[in-house]
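Next up is one chain by itself, shown in structure tokens, the form predicted alone.
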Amino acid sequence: MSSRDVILAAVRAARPPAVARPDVSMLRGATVDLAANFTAACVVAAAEVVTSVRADLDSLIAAAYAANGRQVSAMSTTSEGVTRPHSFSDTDVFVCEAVIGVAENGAVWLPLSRLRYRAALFLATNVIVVLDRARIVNDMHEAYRVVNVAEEEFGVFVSGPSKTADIEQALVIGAHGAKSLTILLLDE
């Protein structure tokens, strides 16, 4: 027996016993507060959640971040006149609307049609995402059943501001994207 075979045999012998995957099918019919689960998951991901009604949208955006600095909104009907992605490098606040939210992990689905400017999401210092409470799904399995990824040329799930702990295990917020994410969870 070669040393390779000896090592592989030792690895196989030390393998822990298999654990059956949990049966989550019973949760699909259970009554759960999706908004509460979504909010809790967002907080864990370091995002802030503000709940209100759509009629208060303008005042909520104004209250979330001071009016100083550049604010770009993918929800406004006026065009920014932007032709280059680099022009968003000085954006303080970017506002957009999510198609769905995922209660399991606090992620929101942002297709290009709702972003208008893909670069703004990643170059803005702060991001505000508007989400209708009725658009929250339980988990990623449901999310992928709702989302048609072939429908748009770009889309992304976002959960909290960017963060990394790659260097010396020190957590850095905003290392490669927004430093803050605020989700406005709205009822009609």
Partner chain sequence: MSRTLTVLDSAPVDHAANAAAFNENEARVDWHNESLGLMRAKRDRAVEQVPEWEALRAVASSIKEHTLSHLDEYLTMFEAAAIANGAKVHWARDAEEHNRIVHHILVEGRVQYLVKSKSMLTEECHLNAYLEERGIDVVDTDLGERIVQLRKEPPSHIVMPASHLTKEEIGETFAEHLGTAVGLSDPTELTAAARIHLRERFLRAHAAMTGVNFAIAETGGVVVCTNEGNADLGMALAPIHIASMGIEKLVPGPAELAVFLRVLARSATGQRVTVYTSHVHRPEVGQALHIIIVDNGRTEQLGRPDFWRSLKCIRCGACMNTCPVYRRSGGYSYGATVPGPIGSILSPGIDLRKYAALPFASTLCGSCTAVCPVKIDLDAQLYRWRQIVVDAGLADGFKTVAANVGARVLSNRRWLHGGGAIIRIIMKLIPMNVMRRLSGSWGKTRDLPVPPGESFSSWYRANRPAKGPP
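Residue numbers count along the first chain shown, from 1. The shown structure was predicted, so the numbers you read here are calculated from the model rather than taken from an experiment. C-alpha atoms forming the largest set that superposes within 1.5 Å between two forms make up the rigid core.
From this point on, the text means the form predicted together with the partner chain, which you will not see here.
The closest heavy atom approach of M75 to the partner chain in the predicted bound form falls outside 4.5 Å. Although the partner is absent here, N105 sits close enough that one of its heavy atoms falls within 4.5 Å of the partner chain in the predicted bound form.
Mapping the unseen interface onto this chain, T51 falls outside it, with no heavy atom inside 4.5 Å of the partner chain in the predicted bound form.
Taking non-hydrogen atoms only, Y144 approaches the partner chain to within 4.5 angstroms in the predicted bound form.
Only one of A35, V129, A41, L60 lies close to the partner chain in the predicted bound form, with a heavy atom inside 4.5 Å, and it is A41.
Contacts with the partner chain in the predicted bound form, taken as any heavy atom within 4.5 Å, map within 169-188 to Q169, A170, V172, G174, A175, H176, G177, A178, K179. Relative to the superposed core, A165 undergoes a Cα shift smaller than 2 Å between this form and the one not shown.
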